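Next up: a single chain in structure tokens, the form predicted alone.
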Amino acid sequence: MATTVKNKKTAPLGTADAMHIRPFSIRRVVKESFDTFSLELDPLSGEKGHKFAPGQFNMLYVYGVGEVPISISGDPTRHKTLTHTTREVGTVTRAMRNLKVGDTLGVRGPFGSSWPVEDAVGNDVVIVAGGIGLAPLRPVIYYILAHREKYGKVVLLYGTRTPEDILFRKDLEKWRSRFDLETLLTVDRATGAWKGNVGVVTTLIGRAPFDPLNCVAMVCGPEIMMRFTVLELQKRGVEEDKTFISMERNMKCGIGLCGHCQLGPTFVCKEGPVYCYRDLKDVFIKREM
């Protein structure tokens, strides 16, 4: 019988530190797709590293423009380099996309709750990502593979709109070559020379090799994708308290002051972005929310 699984309410910084912007230098810019990019950052303040838990986010500040909350998408076992992946969707992320190697970016954080990677030990783990939702889940995969002997079967189900929207292609190639990680990809619409699965990511759940009675599910993507994913997981027998979702798309200021992240009785910046589905389902199933 698997133990109770909880997402961690991890917020290591005090109030003063939470408002302190630390300068980081851009060491590498990676174009992931036509509108999505990753920034690899190194600290300029003499810090030895930047520890974070999978699922946490930072506030990234472009000097003279503004700041945005973005989940950390790098390896939590490597503390020196900090990686964020985002899509160009507004003024700040547009300015971020124009930054070059050597430019400076401000960082506040890390903030927020995290994926239950430690409490999932001994269980099968199924990771379901849609589009850019793979970015907040990538640290989970890094962490689990670094401690692979502690987990049962590990399954990654990843769906995008088209083959051109697939992120982290080098990582996916490595993961698909492993015998201890089942990686299944699908696209909504096949283009070019795509010969793989076609259909929404939920179509992969029924044939994914995991034990639903001894399983922890972690899901991130557009809200409608997460709703249907949770339903399909429930059809397989995965319990509500073993299913976790990320609501990071609702955040804005990062500390719950602006009210943009309020979702029913919860503030995503303060209590999220990772939630146990059981704790959020009464609000999550209401489409007008």
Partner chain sequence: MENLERILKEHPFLAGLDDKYIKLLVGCASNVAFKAGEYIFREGENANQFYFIRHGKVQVETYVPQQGPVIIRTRSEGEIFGWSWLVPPYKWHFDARAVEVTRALALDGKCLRDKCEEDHNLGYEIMKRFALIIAERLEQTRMQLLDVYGNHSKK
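Remember, predicted model here, so these are calculated numbers, not experimental data. Residue numbers count along the first chain shown, from 1.
Omitted from view is the form predicted in complex with its partner chain, to which the following refers.
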From the list R178, R148, R207, K80, which entry has a heavy atom within 4.5 Å of its partner chain in the predicted bound form? R207
Check whether R169 has any heavy atom within 4.5 Å of a heavy atom of its partner chain in the predicted bound form, and answer yes or no. no
Using 4.5 Å between non-hydrogen atoms, is Y142 touching its partner chain in the predicted bound form? no
Within a 4.5 Å heavy atom cut-off, is R87 in contact with its partner chain in the predicted bound form? yes
State yes or no: in the predicted bound form, is some non-hydrogen atom of G130 no more than 4.5 angstroms from a non-hydrogen atom of its partner chain? yes
The stretch from 154-162, 211-219, 117-125, 70-78 that lies within 4.5 Å of its partner chain in the predicted bound form, judged by heavy atoms, is 154-162
Has each of R189, W194 and V201 got a heavy atom lying within 4.5 angstroms of its partner chain in the predicted bound form? yes
Just say closer or farther for the C-alpha distance from G64 to N250 in the predicted bound form, relative to the shown form; it changes by 3 Å or more. closer
